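Take a look at this single chain in structure tokens; it is the form predicted on its own.
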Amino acid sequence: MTFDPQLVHVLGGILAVLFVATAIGQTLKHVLQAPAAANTVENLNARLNAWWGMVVIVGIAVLTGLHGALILFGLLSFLALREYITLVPTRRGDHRALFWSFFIVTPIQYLLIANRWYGLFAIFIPVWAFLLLPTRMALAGDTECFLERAAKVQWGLMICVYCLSCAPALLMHSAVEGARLLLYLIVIDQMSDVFQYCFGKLLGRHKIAPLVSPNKTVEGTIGGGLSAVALGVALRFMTPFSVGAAAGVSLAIVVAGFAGGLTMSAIKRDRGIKDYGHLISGHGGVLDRVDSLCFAAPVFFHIVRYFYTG
């Protein structure tokens, strides 16, 4: 168990904010009667209920250190990859490669973090799995749409496993400092999504990519992004960052998270679905909740490793 006063204080602050937000949501539920407003409040309350569970789970994972974080993110990678694979057509010749992806490649990736083997962790999926899986698919002898099928499997592994595993990899070097950085990443990334949603609902007028993500607006993205950067500066006491560095790193998380959400939305539109799943009430599936984190985690991890761990 990683008992760190800073972690406990930040988690306590998050729970306090959730408590206030829940009280407001329940009040609005009884005050607003117009159908449109009532539907918005109902969606808000569903999201808040889901956030309670997610905050508790993330809090336990962060406080229990490397192994707790690995269990959480390993499970998230497995579920996210499962949601992704259900959307892409597969053939019998892909089954062995998919088995390896779920039950060999994914566990090995997280075991490398557990053993703090950064050199192999950084290249295992981008190099070894990248070459091994299409070879296994070719051995099955099915060449129909081979390039498309292989690319889909490789893309799923990169996004759902490699990129997401960069979040708990922050704990490879220091349990306490890594836990703080992991919580910092999650808070800035997820609050950026929340702020952009709120600003978009209140001020959104100009849509960024209406055919890809109809709810993303210029006003929401800018207002939410700047709010997340301000939060990142306010929480810099959890990090080794100066004020300027905290602003820059938070901006990198915001931009990468926006790119992740937009890209993963494009995949959903291509497949003709609204959500990747229905596991999390008010949020859709696991991949709907971690889409921005999939892009933000590797960017943040490598910034921290290059500039702050040597």
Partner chain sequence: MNLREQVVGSTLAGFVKLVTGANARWYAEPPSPEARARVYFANHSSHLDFVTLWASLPPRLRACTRPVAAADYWASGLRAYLAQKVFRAVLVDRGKGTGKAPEPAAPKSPKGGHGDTIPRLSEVLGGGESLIFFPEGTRGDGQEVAAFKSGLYHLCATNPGLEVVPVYLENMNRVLPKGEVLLVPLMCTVSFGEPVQLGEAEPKEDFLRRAHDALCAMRDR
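Positions refer to the first chain, counted from 1. Predicted, not measured: the structure shown is a model, and the values here were computed from it.
Keep in mind that the form predicted together with the partner chain is missing from the display, and what follows is about it.
Here the chain stands by itself, but in the predicted complex one stretch of 118-126, 98-106, 169-177, 196-204, 98-106, has heavy atoms within 4.5 Å of the partner chain.
Interface residue among K29, K274, H278, H67, judged by heavy atoms within 4.5 Å of the partner chain in the predicted complex: H278. In the predicted complex, no heavy atom of L226 sits within 4.5 Å of the partner chain. Using a 4.5 Å cutoff between non-hydrogen atoms, I85 counts as a contact of the partner chain in the predicted complex.
The shortest heavy atom separation between F78 and the partner chain in the predicted complex is within 4.5 Å. The shortest heavy atom separation between T135 and the partner chain in the predicted complex exceeds 4.5 Å.
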